[in-house]
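Considered here are two forms of the same protein chain, supplied as structure tokens in two stand-alone entries, structure 1 and structure 2.
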Structure 1
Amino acid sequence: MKIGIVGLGRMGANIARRLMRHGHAPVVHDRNAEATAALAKDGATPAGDVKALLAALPAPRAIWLMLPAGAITGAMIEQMAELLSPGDILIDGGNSHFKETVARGRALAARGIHFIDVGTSGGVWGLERGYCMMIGGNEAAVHHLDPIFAALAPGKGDIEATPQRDGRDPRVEQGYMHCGPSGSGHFAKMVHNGIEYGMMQAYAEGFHILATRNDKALPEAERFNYDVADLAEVWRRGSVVSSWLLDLAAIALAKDGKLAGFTGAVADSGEGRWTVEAAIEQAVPAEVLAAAIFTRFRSRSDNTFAEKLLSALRFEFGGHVEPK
């Protein structure tokens, strides 16, 4: 199937490549000409600009945007809205905020254009493992794109089947799901990332507790000298905490159990924040998800004004002077 792909960063380029591996024919464009050329070399049809890309696609045209969420995605959608025809399908595969997606879906529907939101998980591993996709939008358009989703998805693999799923949507077991109306794909992906933040934080705190048990200041009988790489590895087999994130922790810790190459200043990419905001809007207690992003905020700063005020108060009421 012919499909346009706009945005050839790590995610977009690999999506194009995985589609080609499954016999599809992507027409690709990136504002960076080198990125476009690299994909052309791999067999994709290059397009010098958006108009050329659209011209190379049969009606109804399907275009997958894989751009940074926010202004860049917004500008491209506005540009596309002017160029597309009724019946065309525009896909936002990035991490846009679901409220923007709902609004965009409505605006494009008014022009007869189908707007499909696809929350896409898989990272740099997706090319080989496939992408898990949470899809929102019009049923018929999602159905039309089925060959694309089927190619990108991981497929059933050798993962053990969940009992009592007879009669349920078989696409889900392939690794993609039509979640509901416009925005529901991005919302699901947002929460997915919120959960990811929480899980990462759970491992992080646990390994921190283990690592401090190796502290040379401890009395010898209480110093356990854990090999944390081995702990991550052993938990991969038969334990309750096994997961793909744990597999990755085992990989990282096997390289260097001290993680000396990392500063520990941890970025956050929007969906974690939005998940907590959604929790607040929906009056859902979300302690763990909130704590996970607060830890990241703190990791990126020096001692905060908050902490200085704590020190100042201790000085005022108790005369305490705190050394570093």
Structure 2
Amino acid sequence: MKIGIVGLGRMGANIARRLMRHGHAPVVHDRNAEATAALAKDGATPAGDVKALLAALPAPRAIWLMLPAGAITGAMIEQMAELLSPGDILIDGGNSHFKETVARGRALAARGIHFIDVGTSGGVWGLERGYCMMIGGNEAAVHHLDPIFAALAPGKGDIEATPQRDGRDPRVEQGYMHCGPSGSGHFAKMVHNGIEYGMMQAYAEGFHILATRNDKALPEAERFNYDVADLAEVWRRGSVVSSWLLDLAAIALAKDGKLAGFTGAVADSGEGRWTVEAAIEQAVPAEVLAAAIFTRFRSRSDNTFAEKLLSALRFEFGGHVEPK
């Protein structure tokens, strides 16, 4: 299947490569000409601009945008809206806010253009492992793109079948799912990433407790000097807390158990915040997810104003001085 791909960063380029491995023919464009040239060497058809990309595609044209969420994606969608024809399909595979996606889907539908939102999980590992996809949009357009989604998805692999799934959508077992109308794919991916924040925070706190158990302030008989890299490795094998995130923790700790190459300042890409906002809108308690995002904010400062005030209050009421 011939498909356009705009945005050849870490995920966009590998999406194109995985599609080529499965016999598809991507036409690719990136504002960085070197990124476009690199994919051309791998066998993709290069396009110097968006108009050239669209001219190289058969009707109905399908274009996958893999761009940073926000203004960049919005500007490209507006540009595409002026160039596409009724029946064409525009895909946003990035992490756009679902409310923006709902509005964009409505506006493009008025022009007869199908807008598909694909929450895409897999990161830099997706080329080899495949991508888990949560898809929103028109059922007929999603069905038309099924060969693309099937190629990008991980497939069943060696994961055991879940009991009592008879009669359910078989695509889910392959690693992709049509969630509903425009916006539903991005909403599902948003919550997925919010859960990821909480899981990462749980691992981080647990390993922190383990790594500091040999502290001299503790009774000597209760100090334990753990090799946290080995603990991560043993937990990967049969433990109830095993997961791909734990696999990644084991890789990082095997490289350097002290994690000396990291400052500890943790960024957030938006989905964690948006998940907490959705929880507030729906009056759903989400204490773990909220704590995880606030901890990321905290990580970017050595000492916050709040902590300075806490220290000042301790001094004022009790004469407590800060440790040297």
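Whichever C-alpha set is largest while still superposing within 1.5 Å between the two forms counts as the rigid core. Source: prediction; values computed, not measured. Residue 1 is the first residue of structure 1, and the numbers go on in sequence order from there.
*Asks:* Only one of these is the form predicted alone, so let me know which.
*Replies:* Pick structure 2 here.
*Asks:* Compare the position of the CA of residue 10 between the two structures after a rigid core fit and state whether the shift reaches 2 Å.
*Replies:* For residue 10, whose C-alpha is compared between the two structures after core superposition, the shift is less than 2 Å.
*Asks:* Please say whether, between the two structures, the C-alpha of residue 21 moves by 2 Å or more once the core is aligned.
*Replies:* The answer is no, as the C-alpha of residue 21 shifts between the two structures by less than 2 Å after core alignment.
*Asks:* Once the core is superposed between the two structures, does residue 314 show a C-alpha displacement of at least 2 Å?
*Replies:* After core superposition, the C-alpha of residue 314 moves 2 Å or more between the two structures.
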